[in-house]
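Form predicted alone, single chain, as structure tokens, below.
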């Protein structure tokens, strides 16, 4: 299996990563089935780059982020951070590496402890890793508040006194506290108003330029992904179907699923042109179809698509596609 690899040295490497979840009958019942959330994903994230991971809800995007952060452990395959396989490391050895990977979550309110002040929330990672003395940590908190555009007076406020945008800025400040090499942003603006979304996206873009942190930007909003990403990987039902540089993917999508997704992005030059969207229902990850998983919805599907799973093949430098018809 190939991958659309960045020009920089990979910070994160996923090598044929699989994550299956057992579905049980009741708390003590037997296994009824297996949800194939991630089923053979291979991709990389380069140092200082932003990789956009897109696809419909339930395709496994968030699970990929959790596997990289080792909030979930893969069923098989390897997840490497700075060349070290962290897939099955015990917590004692994994703990120092957790500083390098932090997360910004979709819901800024539920990801914050309502019993902690905003300042203590940002200070908590420093305390957990034994960084600095009390005065030094407080100075770091004030600097982080300033960096993300929060007033220093808000350090004594509780999350319920903050707006949605302020809460997400607080979540970003917490993620930056340990000076990570990678931030996994899982739908970070989908719960915010449109005007606030733009402010948070611009903040993340500025922070990337200032701190050189890499991002995995998980989203179903392709317009946002196009704005912020360097490369984009398209995911469908647990598998990567296309990966390429942002400009290549949005200008020349090759996989039929990618093509329909790109056509659904609103553009001024299309006027009132009717936008296409993927038709039909997404098959269940409990019982994915054989062969190419998109063949049940694909207008170009042939017999081979129903029998054989296409591998991710390089069709141009930095551009890989998994399709029997478009990349034979």
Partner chain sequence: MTATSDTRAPSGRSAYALGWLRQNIYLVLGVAIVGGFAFIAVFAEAIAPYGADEQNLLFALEGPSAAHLVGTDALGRDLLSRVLIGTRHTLTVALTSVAIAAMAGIVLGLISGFVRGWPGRIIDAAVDIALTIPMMVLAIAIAAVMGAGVVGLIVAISISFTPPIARILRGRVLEIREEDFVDAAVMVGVPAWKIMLRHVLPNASTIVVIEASLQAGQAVLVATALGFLGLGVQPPIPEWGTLLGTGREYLQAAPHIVISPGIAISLLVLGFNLLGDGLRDWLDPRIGA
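Numbering follows the first chain given and starts at 1. Remember, it's a predicted structure, so these values are computed and weren't measured experimentally.
Only in words, not in the display: the form predicted together with the partner chain, which the text now covers.
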Exactly one listed stretch (200 to 208, 222 to 230, 75 to 83, 88 to 96) reaches within 4.5 angstroms of the partner chain in the predicted complex by non-hydrogen atoms, and it is 88 to 96
So in the predicted complex, does residue 113 come within 4.5 Å of the partner chain, heavy atom to heavy atom? yes
Using a 4.5 angstroms cut-off on non-hydrogen atoms, would residue 129 count as touching the partner chain in the predicted complex? yes
Is there any non-hydrogen atom of residue 149 lying within 4.5 Å of the partner chain in the predicted complex? no
Can any non-hydrogen atom of residue 260 be found within 4.5 angstroms of the partner chain in the predicted complex? no
Which of these residues, 69, 47, 301, 35, gets a heavy atom within 4.5 Å of the partner chain in the predicted complex? 69
Contact assignment for the partner chain in the predicted complex, among 118, 141, 216, 103, heavy atom within 4.5 Å: 103
Sequence-ordered list of residues in 170 to 202 near the partner chain in the predicted complex, where near means a heavy atom within 4.5 Å: 174, 178
